[in-house]
Each structure stands twice: as C-alpha cells, then as structure tokens.
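Have a look below at one chain only, the form predicted alone, in structure tokens format.
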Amino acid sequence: MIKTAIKNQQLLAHKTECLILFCVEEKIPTGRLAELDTKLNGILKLPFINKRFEGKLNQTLLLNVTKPMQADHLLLVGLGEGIAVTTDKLRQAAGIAAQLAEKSKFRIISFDIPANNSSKDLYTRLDKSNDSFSQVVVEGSLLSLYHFDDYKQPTKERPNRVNQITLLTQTKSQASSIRSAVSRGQKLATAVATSRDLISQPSNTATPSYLAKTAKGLAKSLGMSCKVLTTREMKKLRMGSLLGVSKGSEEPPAFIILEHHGGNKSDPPIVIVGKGITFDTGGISLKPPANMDEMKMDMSGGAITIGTLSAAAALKIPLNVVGLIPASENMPSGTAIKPGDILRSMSGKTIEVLNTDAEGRLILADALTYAAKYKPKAVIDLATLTGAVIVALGHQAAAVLGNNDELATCLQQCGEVTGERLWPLPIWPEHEKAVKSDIADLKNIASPGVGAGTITAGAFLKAFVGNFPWCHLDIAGTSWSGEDKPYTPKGASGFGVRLLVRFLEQEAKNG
C-alpha cells in the first residue's frame, strides 16, 4: 500500500529521497525553475545548454543535489511544449517519473505541485478536463507503480517499491483542494488496480465463481447491491446462448448483477455490460496453442465493469448504474457446443453457431437482452471480442460501434481526456445482413470473404439491443499490454475504467 501525504513547504527545505519537478520544453530554465537554479549555483541550466535535458515529453534527468537543498536527488521530467500540455501528458510524465524513481531504488518520492497561477499554460490546458494537477499526478504515479506479485514467493532481498508519495505545495490555500484531488486520484487508481488484479489472476483462480465472490465483496464494502444468477435461474430466464457456451466446462457459469444506487429511485440507470469469459480455449473450434495462456484476459470486459462500478460507489456518483457480467469458461469437451449447433437466446432469437470461438457475442446477447428490463438511459458493453480490431487499430485504441452517434462521440471525447482512445466504426445494413442465417435467425460469424470482423460482431450484438442508446467497445487490442508504458506496466491495463467513470460523472452532471 502506497501512502500519500501533502506538505506545505518550500522546495529547498523539503526532505525527501527524490524530488520530482515537471518542466515544459524550453531552451533554458525559466520561472520557478530558474529561481531554483540560481539557488543551486546553476546545476539546472547546464543540462539545458548542452541539451542533455530539454523538457521534451517524458524526457527525464536525475541529478544529485547538495545544500541548500534538503532533498537527496532531483528528478526533472518533461511535459513537452507548454502550449500543448494535456491532462494525459501530465499523467504520462508522472508515471514515467515514478517508475524511474522506483527503478533507482527510491522508496520515498515527492512531486512539486505548482500554484494555480505559476504555470499558466499547464492550468489553461488542464482546466478543460476539470481534473486538477494534483489528481492527475497521483493517478499517473499510482497507476505506474502497480505490481501483481500474488504468486511470487517472498525472497530475502525484497524488490524495491515506492511506499510513500508526497505532494509538495508552497501555498496553504491549496492544501484543502489538493487533499480532495488526492482522494479522487487514489479512488480511480484503486478501481483500475481492482480490474488489473482480476485480469492478471490465472484462470484456475479467476473462475466465474471467483468473479462473483469478488463482486459480492466489493458490493458489501462499498454499499452496492449484488445478485448472482445461478444456472437454474438462467435456465428459467431461457438464457440459452450463455448456457450454451458454458456447457463444455465443469465450472458453472455466473450472471453477476451489480447495482450502484446513486440517483433517484425512478431515474433510469446507465447499464454497463462486460464480457466475462474467464478462459477461452476456442471450444471445439480450438485456438492455436501459441499465446493461449493470455486468454485468461478474455474476461477483461467483466473486470472493467466491476472496477467501474466500484469507482462509481467509492466516488458516490449521483447516478444509478448497473453492471452486468455474464461469466463462463469456453472449453472443449464431450458436452461442448459444436459448429452447426443452434442455440435459442433469451430474446427468443435463434443462433446458428458456425464457430465456437466466437463465444463472447453469444454470452453478451443474453446480457443485452437482460439489460432491457431496466429501461436504461443507455447501455455500454465492453468485450475483448475480435482479433480483427487489432488489425484495424493495433494496440493504440479500442473500437466504438453502436446505434447512437451522440453516445459514441461522448465516450470518444472522454477517452481523449483519460488517455483511453476510442475510434468509431460503422454498422451498415450490409454488415447486419452478413450475420443473417439461412436456417436460424442469426449466425455467430459472417460468411467467409465478408471481412470487417469487428463490425460484423457489432452487427450481431445490435440484433439483441432494444431501442435504447447503445455502444459496444471492442477492447481486444487495449486490455493487455505487451510492454511497459508510461503509466501502464506490462500486462493487464485496466483500459476503460477511467473513461467510463468520466462518462458517468458527465451524465450525472448533465442530469
């Protein structure tokens, strides 16, 4: 657990292992940095002159310092051109700095938080997001310092971990607002960590029952309601599509229902639906063995839904929010569904299963049908649904598709601020026609040669959406990172939690 503290103290008097200063790109230090450089006999100016450090985005420079400064080390981190500084660039810089400090074996680090009127360019840009400087710094640093060590045996030499972050302010009037911002940043980072933990767990731990147990525990601690439908209850509801996918596994499925009651009782909720395939072998349409171990992350949509609901409750967002997580394994066995089988979904529509590895859309079909019972204000589903989205967008953005352009645009704008980028794709009549079956109402994959795999998957889901506004986020390329990024360590990313929280807060604000 990383402690956070706020101190009202002058830079020179502050005692810490590593003091981190944010710098915009410039030829020589100006403003507060120039003032500090004068007191440090010019040690900051020299790196700018010889271009070892210029303040470029995410550029770093670690310096040993001596008296009159009480800090052991000074770490400069670049924000890029002052006029182009954004919330996410600050978040990246904070993450990069925190990671470098930890790799440099510092345990106590401090961030200088400039006064609201001392870095005009920064605050002009950040104010557009309504996120404070302090919140973004805490958020970025905590997200970057995430570790998943549940299965590592303790060693005599414990790995170095930052255990305290201090925000340093020189004005007493800022302390109160910083305290509130720090709390918000911590809650957002905790929600993302909750999602990352669930995604990182191996599938022999993170079964559908485990997801249900975790959701119940969070609901109890955060004042939400949680109900888990059993196989028997799903049969009564005729969820034949979800139950069909679960047939091949000895692990029972779970349909998790989380509810945050933050608005008036009569207010229609926002419903978030997350795909919860806790391991995906492909079923009878077996996947190739290479990288199949990563298929434990096929429940990322469900994990993001749980994380988002926990953040909504922790932040007390004044809005009714429902989270639906259809959870199952997709396994090959003597009881598994086969290519050519026909399933009857909760909606009554029949589905010809042409590929058992297109199972995510099958479980989401019943969840989207169930969502209609809430008469929702909007429905958003998240799923690691198609490999095709990686072909289209790589690992840099998730796809957004749906039946409501206003909702899609709003989500996309929220993602720009949080650094979780979305890119819109269409669903045209030709795509909907491509998932019509000759012998059933629908087929779960389009015919060979049609292409547009991400879009036809969205077209399939659309068939189970009522008249309410709906968007589908295909997060297959963004839910897992193969490399360390500024505030996303290698592994589970938690992509979508902060984006959705921002969207929910905007909805609450707009009424």
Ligand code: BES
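Position 1 is the first residue in the sequence shown; the rest follow in order. Fair warning: this is a prediction, and the values are worked out from it, not measured in the lab.
The same protein also has a form predicted together with the ligand, omitted here; what follows describes it.
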Please check if Met295 has a heavy atom lying within 4.5 Å of any heavy atom of the ligand in the predicted complex. yes
Please tell me whether any heavy atom belonging to Ala476 falls inside 4.5 Å of a heavy atom of the ligand, as the geometry stands in the predicted complex. yes
Tell me, yes or no, whether Arg361 is in contact with the ligand in the predicted complex, where a contact means a heavy atom of each within 4.5 Å. yes
Partner contact for Thr384 in the predicted complex: the ligand, 4.5 angstroms, heavy atom: yes
Can you say which of 273 to 281, 71 to 79, 139 to 147, 205 to 213 gets within 4.5 Å of the ligand in the predicted complex, counting heavy atoms only? 273 to 281
Contact with the ligand in the predicted complex, heavy atom within 4.5 Å, among Ala459, Leu44, Cys471, Ile445 goes to Ile445
Only one of Ala397, Ala388, Val417, Ile427 gets a heavy atom within 4.5 Å of the ligand in the predicted complex. Which one? Ala388
